[in-house]
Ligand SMILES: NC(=O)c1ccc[n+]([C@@H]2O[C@H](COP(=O)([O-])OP(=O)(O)OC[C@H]3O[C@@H](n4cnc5c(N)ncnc54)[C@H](O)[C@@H]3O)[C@@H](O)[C@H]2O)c1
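The data below hold one chain only, encoded as structure tokens and taken in the form predicted on its own.
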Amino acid sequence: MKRIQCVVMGYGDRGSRYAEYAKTVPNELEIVGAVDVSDLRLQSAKTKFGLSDAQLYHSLDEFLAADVRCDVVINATMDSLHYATTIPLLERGYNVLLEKPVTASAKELLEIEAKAKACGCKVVVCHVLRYTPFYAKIKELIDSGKLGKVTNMQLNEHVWQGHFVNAYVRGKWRSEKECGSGLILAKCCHDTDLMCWLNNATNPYMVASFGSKSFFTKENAPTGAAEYCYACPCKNECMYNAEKFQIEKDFIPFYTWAGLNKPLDTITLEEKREFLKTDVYGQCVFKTDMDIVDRQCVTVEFENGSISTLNLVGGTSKAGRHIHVLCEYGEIVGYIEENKIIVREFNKEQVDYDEYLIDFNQDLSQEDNSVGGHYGGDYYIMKDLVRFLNGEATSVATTVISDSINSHLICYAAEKARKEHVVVDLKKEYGR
């Protein structure tokens, strides 16, 4: 099998995680370049993968001018940059591993699909949850046909407060106006992808949705709360006090301190305190410019009459993704955080059901370090990508761009439905 040569564009949290496969399985993947606007991140990639200065690029234009030969570019730039960066890559003949969401625009989404086809390039979308042993097993159970067709699917995502505040209240995804994506697209196109992939014997048809920003609002700020936590008379009683939340607990530090543009282990306590006096990470969570929802539900009717629901809640005490798939002859239930699946199959003779447990905590192999990063998804998507680009047999999870269309259209339709209080017909709205 040929070792795949790869360039990482956007060497942040996601890009660096995918690139880690080159360190874990160096005979399968080699990082031959990095593209980023940040010198700090470029130097990090240089050190990690032994790159030369000539293999570091500060812009897409600089990279394209260098005419670099590689098998794939990981595009892990911000959501709003995906279209503008992916189209030129495809026009130059590069295969692309594209971070989700693909784009916030249906027009751009379909253009990327068309451009990939026209240029003969492969675009794989990072719907990494498909690749986890947990969801792969659910897919296998459904496709076996033993439980009959899917009739109803219930998905829940609870976004832990540390993650939600640092990414969506104080973080860079807090504003649809700024980053281009609402919460359901930015956080849950994983989940809409799962509902389409697990039930791909049919296609989504109608979408309804409700949601709002109900908790992180100015009306819920403590009486007398200041704009910034350092000067707030309520800070000692507030669980979101930036001194406590960002420094003492230090939730997701690579989000919080990115604005200081220094290696995390070199940032002093005093620098952190000064930074929080003026940056949004030090601002009252009830008074940021957050313009996205903090809870939303989505209901999808499929062409064969099956129904799926997704319930998203931000700022919960504990993170959790739960799935309950009901089929004609049984059901599948699981929390991915527990890495366990319960299967119930109707027993026609007893007019009852037989139940059994699948425990991945016992079955997961440790040799590939696959238990980290989206429950193994970050590892397995790269493993699959290498085989895909080598023309070898791949998993059922392989997510080429055409497989990502429906999940994104559901997200677009959900936002239209939520904002306009309508039910959206996907074919009438998007022609798909």
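One rule holds for the numbers: they count along the sequence shown, beginning at 1. Please read these numbers as outputs of a predicted model, since none were measured by experiment.
There is another form of the same protein, the form predicted in complex with the ligand; it is not shown, and what comes next is about it.
Original post:
Do Ser38 and the ligand share at least one heavy atom pair within 4.5 Å in the predicted complex?
Top reply: Because a heavy atom of Ser38 falls inside 4.5 Å of the ligand in the predicted complex, the answer is yes.
Original post:
Though only this chain appears here, would Tyr18 touch the ligand in the predicted complex if you measure heavy atom gaps against 4.5 Å?
Top reply: Judged by the heavy-atom cut-off of 4.5 Å, Tyr18 is in contact with the ligand in the predicted complex.
Original post:
Can Tyr83 be called a contact residue for the ligand in the predicted complex at 4.5 Å between heavy atoms?
Top reply: It does not: once the ligand is placed as it appears in the predicted complex, Tyr83 has no heavy atom within 4.5 Å of it.
Original post:
For Tyr255, is any heavy atom within 4.5 Å of the ligand in the predicted complex, or not?
Top reply: Taking the distances in the predicted complex, the answer for Tyr255 is yes, it comes within 4.5 Å of the ligand.
Subject >> Region of this chain that lies against the ligand in the predicted complex, out of 300 to 308, 100 to 108, 137 to 145, 327 to 335 [heavy atom, 4.5 Å] >> reply: After filtering at 4.5 Å, what remains is 100 to 108.
Original post:
Judged by heavy atoms and a 4.5 Å cut-off, are Met9, Cys126 and Lys172 together in contact with the ligand in the predicted complex?
Top reply: Yes: each residue has a heavy atom within 4.5 Å of the partner.
Original post:
Among the candidate residues Asn95, Ser209, Thr132, Thr77, which is the single one with a non-hydrogen atom no more than 4.5 Å from the ligand in the predicted complex?
Top reply: Looking at the other structure, the residue within range turns out to be Thr77.
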